[in-house]
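Listed next as structure tokens: two forms of one protein chain, kept apart as structure 1 and structure 2.
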Structure 1
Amino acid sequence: MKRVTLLRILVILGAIGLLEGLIHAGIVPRFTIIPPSEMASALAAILASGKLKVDIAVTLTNVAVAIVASMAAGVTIGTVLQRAAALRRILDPLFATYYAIPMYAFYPLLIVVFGLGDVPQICIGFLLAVMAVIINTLNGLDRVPRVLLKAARMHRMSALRTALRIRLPYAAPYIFTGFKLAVAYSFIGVIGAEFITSSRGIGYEISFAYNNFDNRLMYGLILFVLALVLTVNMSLHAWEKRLMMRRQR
């Protein structure tokens, strides 16, 4: 695992170094993208100035709400559907085509229903993330060994207790996969919605910087989002490995 981690770091550093070299050599124009070193210095200046702390706080709060809501709803819906075979057969074709629907098409409707504010952005992040959680929860619950479920029936465990003590713990690795996807999709949904109609947030600031040809601000914020999502997902990956090792013991 240490070798894999080292190779992963080397690949990332190699890609960064290659981009840096191509820009400094003039092969990739600075007007299109600034060097990664300048992105890092721009991000450091943004964080040090504190000018965008409100925008960052707003976006991260909305993303966190979308993640928590999608995880709670996704795990609950997945658990119920796994027990309701007839309802699942009806909904399975809809699950397969869910991501073919552009979620931002519902954004005007959400604005009409909830008004201009943070709620429509949270809803977009939730809609993008919740299906990934449902699908991965179902995937994990389908793999629970029958012998465990038989033991639960022999001990006269209720459906709720069986789900909390046997089904969901066994499906935890698959639910973690849904959790990691929910993090990425929630960031995409919320920040993408801020591009459309918003007066604050990271997405709004990136859009404003793009329209004003402020590459340092734009790429600095993009680097911030990439670094944050990567850190969260790597932390979840490490937590998942620790749980799997404990399960094997």
Structure 2
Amino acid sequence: MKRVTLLRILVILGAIGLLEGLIHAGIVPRFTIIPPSEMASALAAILASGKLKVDIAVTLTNVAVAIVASMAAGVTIGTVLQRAAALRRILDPLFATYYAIPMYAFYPLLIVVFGLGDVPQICIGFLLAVMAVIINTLNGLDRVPRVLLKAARMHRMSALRTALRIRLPYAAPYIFTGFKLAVAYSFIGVIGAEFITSSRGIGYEISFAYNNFDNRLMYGLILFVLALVLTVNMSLHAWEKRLMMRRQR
């Protein structure tokens, strides 16, 4: 293993160990934070009991739907906008301002419009994720070297084939960056929305546990979310690195 990776793991383990120590030493009170070891055993108990299986499934499904929808919409919109310069210029300020808009502020609206089902949570995840995909798709397509487009004309390819066989493959690493962000934003959006108001899902269960002073359940679930998101994030990072190895000049 590389030295940097090793150091990184040591830093993370050190932080966890420090927290554990501070709590056992009584410097951080136990009713505020339970030690990481207890969080882990709480999580194990939750998973073994299987009583939150439905909530976990609901959250993961909603996150997946948000990711797929934002990728499909984002890549399509990005591809179209890249060819429609006038429209893109007009929308540009919206792109630049997009992430300044407090998306959760729309959540009440979405609930009123779509009811208390899964749709409002998916919408928040989608709204957060889609712009990252659009922006990164545009960024990648903007960088396609002119010489590759000349090569496409030499092969007498139609505009559609050029998009599918030259432009999008070239932009793939940038779109992958968009995908990584879409995954993160979908988790943030869906779980955040569940937390605000919803009747099921991991976010809801955490908020429920907090309101019932059930610290073990709450910290077990928080650990679950953190571990899940970090694992997904790190695997995507590793995958991206492998893909980029071939492309780096």
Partner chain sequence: MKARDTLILVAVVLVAWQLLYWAVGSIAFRSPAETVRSAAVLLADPRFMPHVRESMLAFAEAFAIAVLIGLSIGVTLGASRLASEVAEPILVALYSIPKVTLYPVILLVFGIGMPAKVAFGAIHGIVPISIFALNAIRNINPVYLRTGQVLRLSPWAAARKILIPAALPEIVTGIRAGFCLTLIGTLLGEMFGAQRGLGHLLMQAMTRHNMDSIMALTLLLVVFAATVNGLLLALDHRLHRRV
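Residue numbering: structure 1 sequence, from 1. Given the structure is predicted, the values throughout are model-derived calculations rather than measurements. Think of the rigid core as the biggest set of C-alphas that the two forms share within 1.5 Å after superposition.
In this pair, structure 1 matches the form predicted alone, whereas the other structure does not. Once you line up the core between structures 1 and 2, the Cα of V147 stays within less than 2 Å of where it was. Structural comparison between structures 1 and 2 after rigid-core fitting shows the C-alpha of R156 displaced 2.9 Å.
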